[in-house]
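The chain below stands alone, shown as structure tokens; this is the form predicted alone.
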């Protein structure tokens, strides 16, 4: 859960309770990755995971940037701006992040948006790191198995935030979680980790009955006390009510699921024209930050899974205890 949702306290809390806490490092510089890992290690002696996005640093033309800025004009003008600032960098260097990850030697690492080379997987294995690929189709699971991954996360369309599709159009990766999990489990010999609409211990048991050997949960932890999301975002999730979630390219240039809001609605007609991640993501970061500072959830990216209404505000320790109790009473 990139963008500050995962904090060292949340990661350590999950690991201390017997799970595998995950640090979302895709937006972090190598130095911040080191700092965050050190804090986590000061809070737990248990294993934890680091997640990265597999990216190539883009080089958009001035014309592309100008066009993208124009598409966003109604939003940045609504903030009283006379122009949209262009960021100094579009993203962190993936190679730099990967080198830092190997230096940090977490127990496991997961990768989203792309796939590693066999040589990169071997570098991770040489550092004693368990390698996990994120997939949305059977073909992607087979590809990760081929390059030497130790497990795959099968992420259904209900999953919150960004989708991990890297083979074929993102629009065509439409399998629901419960349809995808058994297909992936049957296709690969490595373990399948289920993701998507898993909010309770009962959901965990169902995922394991469909072929998963473990589960990955995100949205269930977004409203935990230790989550790093701001109070406006937290309140929007807790009081989501009838507000639907849907996939959109508008915020980042890559399909991601969140609560529908004004940003999505105003950009709906042009979202297929915005530049691909990470360019659009970088261009909209300032808009979203300004909205967050004002408490304007209409212009924030409120990433959340399709079943966010079942999220339960409590401490991470209490949630972990609750999940285990639900699994035992089924």
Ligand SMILES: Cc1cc2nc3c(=O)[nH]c(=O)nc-3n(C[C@H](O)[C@H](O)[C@H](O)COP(=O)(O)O)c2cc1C
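Keep in mind it's a predicted model, so treat the numbers as computed, not measured. Residue numbers count along the first chain shown, from 1.
What follows is about the form predicted in complex with this ligand, which we do not show.
Residue-level contacts in the predicted complex: of 152, 207, 180, 222, one residue has a heavy atom within 4.5 Å of this ligand, and it is 222. Between the options 216, 252, 137, 97, the residue in contact with this ligand in the predicted complex by a heavy atom within 4.5 angstroms is 216. This ligand is not shown here, and in the predicted complex it never comes within 4.5 Å of any heavy atom of residue 281. Among heavy atoms of residue 260, none comes within 4.5 Å of this ligand in the predicted complex. This ligand in the predicted complex comes within 4.5 Å of a heavy atom belonging to residue 158. Using a 4.5 angstroms limit between non-hydrogen atoms, residue 198 touches this ligand in the predicted complex. At a distance of at most 4.5 angstroms from this ligand in the predicted complex, all three residues 2, 26 and 233 contribute at least one non-hydrogen atom.
With this ligand left out of view, the stretch that reaches within 4.5 Å of it through heavy atoms in the predicted complex is, among 33-41, 283-291, 266-274, 299-307, 299-307. Residues are counted as partner-facing when one of their heavy atoms sits within 4.5 Å of this ligand in the predicted complex; in 101-118 only 112 qualifies.
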